[in-house]
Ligand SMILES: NC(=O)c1ccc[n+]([C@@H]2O[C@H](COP(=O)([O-])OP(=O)(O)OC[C@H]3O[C@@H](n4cnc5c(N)ncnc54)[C@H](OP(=O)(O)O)[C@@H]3O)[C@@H](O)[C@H]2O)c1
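This document starts with one chain, in the form predicted on its own, laid out as C-alpha coordinates.
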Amino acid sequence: MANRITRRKFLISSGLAGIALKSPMLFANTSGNAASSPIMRRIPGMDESIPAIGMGTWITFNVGGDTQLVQQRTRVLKTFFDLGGTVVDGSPMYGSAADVMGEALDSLDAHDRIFAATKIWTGDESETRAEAARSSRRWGVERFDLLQVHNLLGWQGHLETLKQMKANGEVRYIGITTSHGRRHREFAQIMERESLDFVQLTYNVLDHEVEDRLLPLAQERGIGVIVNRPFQGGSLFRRFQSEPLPNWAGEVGVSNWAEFFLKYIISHPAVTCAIPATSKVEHMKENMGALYGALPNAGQRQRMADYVRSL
(Lines give C-alpha, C1' and ligand atoms only; values in the text may rest on other atoms or scores of the structure.)
Protein backbone atom coordinates (compact mmCIF):
# COMPACT_ATOMS: atom_id res chain seq x y z
CA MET A 1 0.00 0.00 0.00
CA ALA A 2 2.89 2.35 0.63
CA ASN A 3 3.88 2.19 -3.02
CA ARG A 4 0.30 2.87 -4.08
CA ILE A 5 0.02 6.00 -1.96
CA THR A 6 3.44 7.25 -3.03
CA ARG A 7 2.53 6.84 -6.67
CA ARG A 8 -0.79 8.60 -6.17
CA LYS A 9 0.94 11.58 -4.60
CA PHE A 10 3.44 11.61 -7.43
CA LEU A 11 0.72 11.62 -10.08
CA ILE A 12 -1.10 14.48 -8.38
CA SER A 13 1.93 16.64 -7.68
CA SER A 14 3.42 16.17 -11.13
CA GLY A 15 0.28 17.23 -12.98
CA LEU A 16 -0.76 13.61 -13.57
CA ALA A 17 2.15 12.96 -15.91
CA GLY A 18 1.87 9.22 -15.37
CA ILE A 19 -1.68 9.15 -16.66
CA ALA A 20 -0.69 11.35 -19.57
CA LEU A 21 1.77 8.68 -20.70
CA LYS A 22 -1.07 6.17 -20.79
CA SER A 23 -3.59 8.53 -22.35
CA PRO A 24 -2.61 11.18 -24.89
CA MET A 25 -6.12 12.66 -24.46
CA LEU A 26 -5.11 14.11 -21.10
CA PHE A 27 -3.64 17.31 -22.44
CA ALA A 28 -6.21 17.76 -25.19
CA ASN A 29 -8.86 20.29 -24.28
CA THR A 30 -12.18 18.58 -24.98
CA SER A 31 -13.65 21.90 -26.06
CA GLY A 32 -11.38 21.97 -29.07
CA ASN A 33 -9.24 24.79 -27.70
CA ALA A 34 -5.48 24.77 -27.59
CA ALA A 35 -3.90 22.01 -25.51
CA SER A 36 -3.30 22.93 -21.90
CA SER A 37 -2.52 21.45 -18.51
CA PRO A 38 -5.36 20.55 -16.14
CA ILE A 39 -6.47 23.12 -13.59
CA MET A 40 -5.12 21.97 -10.23
CA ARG A 41 -6.03 23.27 -6.79
CA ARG A 42 -3.83 23.03 -3.73
CA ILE A 43 -5.39 21.50 -0.64
CA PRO A 44 -5.13 24.32 1.92
CA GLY A 45 -2.14 23.91 4.20
CA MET A 46 -0.82 20.91 2.27
CA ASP A 47 1.84 20.33 -0.37
CA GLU A 48 -0.70 18.45 -2.46
CA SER A 49 -2.91 19.53 -5.30
CA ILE A 50 -5.96 17.86 -6.85
CA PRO A 51 -7.78 18.47 -10.14
CA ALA A 52 -10.51 21.10 -9.86
CA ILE A 53 -13.08 18.76 -11.45
CA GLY A 54 -13.91 15.50 -9.71
CA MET A 55 -16.78 13.03 -10.01
CA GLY A 56 -19.81 12.28 -7.88
CA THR A 57 -21.55 8.89 -7.82
CA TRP A 58 -24.98 9.71 -6.37
CA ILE A 59 -27.69 7.97 -8.49
CA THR A 60 -25.40 7.51 -11.50
CA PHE A 61 -23.39 4.56 -10.12
CA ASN A 62 -26.29 3.00 -8.20
CA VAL A 63 -27.01 0.36 -10.86
CA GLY A 64 -27.02 -2.82 -8.77
CA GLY A 65 -25.56 -5.94 -10.37
CA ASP A 66 -26.59 -5.19 -13.96
CA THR A 67 -23.46 -6.28 -15.86
CA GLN A 68 -24.11 -4.08 -18.88
CA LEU A 69 -24.67 -0.99 -16.74
CA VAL A 70 -21.60 -1.72 -14.61
CA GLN A 71 -19.48 -1.99 -17.75
CA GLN A 72 -20.92 1.28 -19.05
CA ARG A 73 -20.14 3.06 -15.77
CA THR A 74 -16.64 1.61 -15.96
CA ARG A 75 -16.23 3.35 -19.32
CA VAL A 76 -17.42 6.59 -17.70
CA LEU A 77 -14.81 6.20 -14.97
CA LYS A 78 -12.08 5.41 -17.51
CA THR A 79 -12.94 8.57 -19.44
CA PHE A 80 -12.74 10.54 -16.20
CA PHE A 81 -9.27 9.19 -15.44
CA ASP A 82 -8.08 9.56 -19.03
CA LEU A 83 -9.03 13.23 -19.02
CA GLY A 84 -7.17 14.00 -15.81
CA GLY A 85 -9.64 13.31 -13.01
CA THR A 86 -8.72 11.73 -9.69
CA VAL A 87 -11.27 12.82 -7.04
CA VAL A 88 -14.25 10.45 -6.76
CA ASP A 89 -16.90 11.02 -4.09
CA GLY A 90 -19.35 8.50 -2.69
CA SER A 91 -21.44 7.61 0.34
CA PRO A 92 -23.00 4.51 1.89
CA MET A 93 -26.30 6.29 1.24
CA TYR A 94 -25.82 5.82 -2.51
CA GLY A 95 -27.02 2.22 -2.65
CA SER A 96 -24.86 -0.06 -4.80
CA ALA A 97 -22.63 2.79 -6.04
CA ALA A 98 -19.71 1.74 -3.79
CA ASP A 99 -19.81 -1.84 -5.08
CA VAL A 100 -19.99 -0.65 -8.68
CA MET A 101 -17.05 1.67 -8.05
CA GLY A 102 -15.08 -1.24 -6.62
CA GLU A 103 -15.80 -3.38 -9.69
CA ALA A 104 -14.86 -0.53 -12.02
CA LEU A 105 -11.59 0.17 -10.21
CA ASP A 106 -10.71 -3.52 -10.36
CA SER A 107 -11.54 -3.73 -14.07
CA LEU A 108 -9.39 -0.69 -14.84
CA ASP A 109 -6.64 -1.65 -12.36
CA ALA A 110 -6.95 1.99 -11.30
CA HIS A 111 -6.65 2.00 -7.52
CA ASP A 112 -3.50 4.10 -7.82
CA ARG A 113 -5.25 6.76 -9.91
CA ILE A 114 -7.97 7.69 -7.47
CA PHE A 115 -8.34 10.24 -4.70
CA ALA A 116 -11.03 8.24 -2.90
CA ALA A 117 -13.55 10.19 -0.84
CA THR A 118 -16.58 8.78 0.91
CA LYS A 119 -18.78 9.58 3.89
CA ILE A 120 -19.86 8.29 7.25
CA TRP A 121 -23.64 7.98 7.19
CA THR A 122 -25.03 6.36 10.31
CA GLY A 123 -26.77 7.70 13.38
CA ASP A 124 -24.74 5.36 15.59
CA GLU A 125 -21.74 7.45 16.55
CA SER A 126 -19.86 4.36 17.73
CA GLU A 127 -19.91 2.88 14.21
CA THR A 128 -17.49 5.28 12.51
CA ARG A 129 -14.65 2.83 12.03
CA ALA A 130 -16.97 -0.06 11.17
CA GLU A 131 -18.71 1.92 8.44
CA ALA A 132 -15.40 3.16 7.04
CA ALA A 133 -14.18 -0.45 6.96
CA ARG A 134 -17.31 -1.60 5.11
CA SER A 135 -16.87 1.15 2.54
CA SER A 136 -13.19 0.27 2.17
CA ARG A 137 -14.07 -3.34 1.32
CA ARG A 138 -16.74 -2.26 -1.15
CA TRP A 139 -14.44 0.18 -2.96
CA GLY A 140 -11.48 -2.18 -2.75
CA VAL A 141 -9.20 0.45 -1.20
CA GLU A 142 -7.10 -0.06 1.92
CA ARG A 143 -7.83 3.43 3.21
CA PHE A 144 -9.65 6.51 2.01
CA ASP A 145 -8.02 9.79 1.16
CA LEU A 146 -11.01 11.64 2.62
CA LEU A 147 -13.76 10.64 5.05
CA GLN A 148 -16.61 13.10 5.63
CA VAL A 149 -19.57 13.13 8.02
CA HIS A 150 -22.57 13.02 5.68
CA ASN A 151 -25.05 15.87 6.22
CA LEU A 152 -23.84 16.24 9.83
CA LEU A 153 -25.51 12.97 10.88
CA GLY A 154 -24.04 12.20 14.32
CA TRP A 155 -21.23 14.59 13.58
CA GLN A 156 -19.95 15.08 17.14
CA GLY A 157 -19.06 11.45 17.77
CA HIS A 158 -18.03 10.68 14.20
CA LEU A 159 -15.74 13.67 13.96
CA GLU A 160 -13.93 12.78 17.18
CA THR A 161 -13.28 9.29 15.85
CA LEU A 162 -12.21 10.62 12.46
CA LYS A 163 -9.66 12.84 14.20
CA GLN A 164 -8.22 9.77 15.91
CA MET A 165 -8.22 7.85 12.63
CA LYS A 166 -6.34 10.65 10.92
CA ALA A 167 -3.77 10.79 13.72
CA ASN A 168 -3.30 7.02 13.38
CA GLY A 169 -2.88 7.19 9.60
CA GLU A 170 -6.17 5.40 8.92
CA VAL A 171 -7.36 8.26 6.70
CA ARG A 172 -5.54 11.19 5.15
CA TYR A 173 -8.15 13.97 5.38
CA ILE A 174 -11.43 14.50 7.24
CA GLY A 175 -14.43 16.77 6.82
CA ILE A 176 -18.17 17.38 6.98
CA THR A 177 -20.84 17.78 4.32
CA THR A 178 -24.17 19.43 3.71
CA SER A 179 -26.39 19.54 0.63
CA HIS A 180 -29.44 21.32 -0.74
CA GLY A 181 -28.56 24.42 1.30
CA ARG A 182 -29.37 22.78 4.64
CA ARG A 183 -28.16 23.72 8.15
CA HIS A 184 -25.74 26.43 7.07
CA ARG A 185 -25.72 28.15 10.46
CA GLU A 186 -24.70 24.98 12.31
CA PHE A 187 -22.27 24.15 9.52
CA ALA A 188 -20.51 27.50 9.97
CA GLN A 189 -20.31 27.00 13.72
CA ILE A 190 -18.60 23.64 13.24
CA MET A 191 -16.19 25.16 10.72
CA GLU A 192 -15.30 27.83 13.26
CA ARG A 193 -14.67 25.40 16.12
CA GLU A 194 -13.30 22.22 14.59
CA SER A 195 -10.11 21.31 12.77
CA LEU A 196 -11.29 20.26 9.31
CA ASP A 197 -9.44 19.54 6.08
CA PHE A 198 -12.49 19.73 3.81
CA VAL A 199 -16.11 20.77 3.75
CA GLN A 200 -18.56 19.74 1.08
CA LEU A 201 -21.52 21.96 0.23
CA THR A 202 -23.99 22.90 -2.49
CA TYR A 203 -23.00 25.71 -4.83
CA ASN A 204 -23.93 26.59 -8.40
CA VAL A 205 -24.77 29.56 -10.54
CA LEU A 206 -28.27 29.81 -9.02
CA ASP A 207 -27.64 28.45 -5.51
CA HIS A 208 -25.07 30.89 -4.21
CA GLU A 209 -26.01 31.45 -0.55
CA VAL A 210 -22.64 29.93 0.48
CA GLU A 211 -20.88 32.95 -1.02
CA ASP A 212 -22.11 35.04 1.92
CA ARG A 213 -20.57 33.10 4.80
CA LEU A 214 -19.36 29.54 4.19
CA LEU A 215 -16.95 30.15 1.32
CA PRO A 216 -15.26 33.17 2.97
CA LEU A 217 -15.05 31.18 6.21
CA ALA A 218 -13.37 28.28 4.41
CA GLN A 219 -10.76 30.68 3.05
CA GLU A 220 -10.26 32.23 6.48
CA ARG A 221 -9.89 28.86 8.18
CA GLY A 222 -7.80 27.21 5.47
CA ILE A 223 -10.38 24.51 4.65
CA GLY A 224 -10.72 22.85 1.26
CA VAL A 225 -14.13 23.08 -0.42
CA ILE A 226 -15.76 20.34 -2.47
CA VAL A 227 -18.90 21.44 -4.31
CA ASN A 228 -21.86 19.10 -4.73
CA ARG A 229 -24.95 19.56 -6.92
CA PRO A 230 -23.12 21.83 -9.41
CA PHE A 231 -25.95 21.23 -11.93
CA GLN A 232 -28.79 21.24 -9.34
CA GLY A 233 -29.23 17.52 -9.93
CA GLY A 234 -29.58 18.15 -13.67
CA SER A 235 -32.25 20.85 -13.41
CA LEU A 236 -29.88 23.52 -14.75
CA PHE A 237 -29.66 21.63 -18.03
CA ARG A 238 -33.41 21.15 -18.18
CA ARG A 239 -33.88 24.88 -17.71
CA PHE A 240 -31.11 26.26 -19.91
CA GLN A 241 -29.93 23.62 -22.41
CA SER A 242 -32.23 25.04 -25.11
CA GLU A 243 -30.93 28.57 -24.51
CA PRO A 244 -27.91 29.88 -26.44
CA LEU A 245 -24.60 30.46 -24.75
CA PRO A 246 -23.69 34.16 -24.63
CA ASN A 247 -21.65 35.38 -27.59
CA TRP A 248 -18.76 36.13 -25.20
CA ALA A 249 -18.59 32.54 -23.86
CA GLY A 250 -15.26 31.93 -25.59
CA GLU A 251 -13.69 34.71 -23.54
CA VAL A 252 -14.15 32.61 -20.40
CA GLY A 253 -13.08 29.33 -21.99
CA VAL A 254 -16.58 27.92 -22.42
CA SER A 255 -18.05 26.01 -25.36
CA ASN A 256 -21.04 24.22 -23.76
CA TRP A 257 -23.34 24.60 -20.78
CA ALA A 258 -21.52 22.01 -18.65
CA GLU A 259 -18.32 24.03 -18.93
CA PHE A 260 -20.25 27.24 -18.24
CA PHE A 261 -21.76 25.92 -15.00
CA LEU A 262 -18.55 24.25 -13.79
CA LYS A 263 -16.14 27.06 -14.64
CA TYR A 264 -18.35 29.48 -12.77
CA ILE A 265 -17.93 27.28 -9.67
CA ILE A 266 -14.25 26.42 -9.80
CA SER A 267 -13.25 30.00 -10.58
CA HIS A 268 -14.32 31.01 -7.07
CA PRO A 269 -11.07 31.31 -5.09
CA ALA A 270 -12.41 29.28 -2.15
CA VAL A 271 -13.40 26.25 -4.22
CA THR A 272 -11.03 23.29 -4.39
CA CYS A 273 -13.03 20.83 -6.48
CA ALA A 274 -16.50 20.39 -7.99
CA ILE A 275 -17.98 16.88 -8.28
CA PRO A 276 -20.56 16.62 -11.08
CA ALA A 277 -22.11 13.19 -11.62
CA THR A 278 -22.97 11.61 -14.94
CA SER A 279 -23.79 8.21 -16.39
CA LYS A 280 -22.71 9.04 -19.96
CA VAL A 281 -19.26 9.12 -21.53
CA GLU A 282 -20.07 12.10 -23.73
CA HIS A 283 -21.31 14.09 -20.76
CA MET A 284 -18.16 13.18 -18.85
CA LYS A 285 -16.10 14.60 -21.70
CA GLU A 286 -18.08 17.83 -21.50
CA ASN A 287 -17.61 17.99 -17.72
CA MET A 288 -13.89 17.42 -17.98
CA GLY A 289 -13.59 20.17 -20.57
CA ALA A 290 -13.98 22.55 -17.63
CA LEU A 291 -10.67 21.24 -16.26
CA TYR A 292 -8.78 22.94 -19.08
CA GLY A 293 -8.34 26.36 -20.59
CA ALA A 294 -9.21 29.81 -19.30
CA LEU A 295 -11.14 30.58 -16.14
CA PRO A 296 -13.35 33.65 -15.71
CA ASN A 297 -12.17 36.48 -13.49
CA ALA A 298 -14.40 38.11 -10.88
CA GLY A 299 -16.04 40.49 -13.34
CA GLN A 300 -16.67 37.72 -15.85
CA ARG A 301 -18.14 35.49 -13.14
CA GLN A 302 -20.66 38.19 -12.32
CA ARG A 303 -21.47 38.53 -16.00
CA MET A 304 -22.05 34.76 -16.19
CA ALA A 305 -24.40 34.82 -13.19
CA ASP A 306 -26.29 37.83 -14.54
CA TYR A 307 -26.72 36.16 -17.93
CA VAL A 308 -28.19 32.95 -16.49
CA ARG A 309 -30.51 34.84 -14.15
CA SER A 310 -31.76 36.92 -17.09
CA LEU A 311 -32.94 33.90 -19.07
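Keep in mind that this is a model prediction, so the values were computed, not measured. One rule holds for the numbers: they count along the sequence shown, beginning at 1.
Form predicted together with the named molecule: not shown, discussed below.
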{"property": "Contact residue in the model of the complex, from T74, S136, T86, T177 (heavy atom within 4.5 Å of the named molecule)", "result": "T177"}
{"property": "Among the candidates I266, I50, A277, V252, the residue which, in the model of the complex, approaches the named molecule to within 4.5 Å (heavy atoms)", "result": "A277"}
{"property": "Options 277-285, 242-250, 41-49, 63-71; stretch whose heavy atom lies within 4.5 Å of the named molecule in the model of the complex", "result": "277-285"}
{"property": "Contact flag, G102 vs the named molecule in the model of the complex, heavy atom cut 4.5 Å", "result": "no"}
{"property": "Close approach of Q200 to the named molecule in the model of the complex, 4.5 Å, heavy atom", "result": "yes"}
{"property": "4.5 angstroms heavy atom contact with the named molecule in the model of the complex for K119", "result": "yes"}
{"property": "Proximity of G234 to the named molecule in the model of the complex, heavy atoms at 4.5 Å", "result": "yes"}
{"property": "Residues in 57-79 with any heavy atom within 4.5 Å of the named molecule in the model of the complex", "result": "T57, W58, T60"}
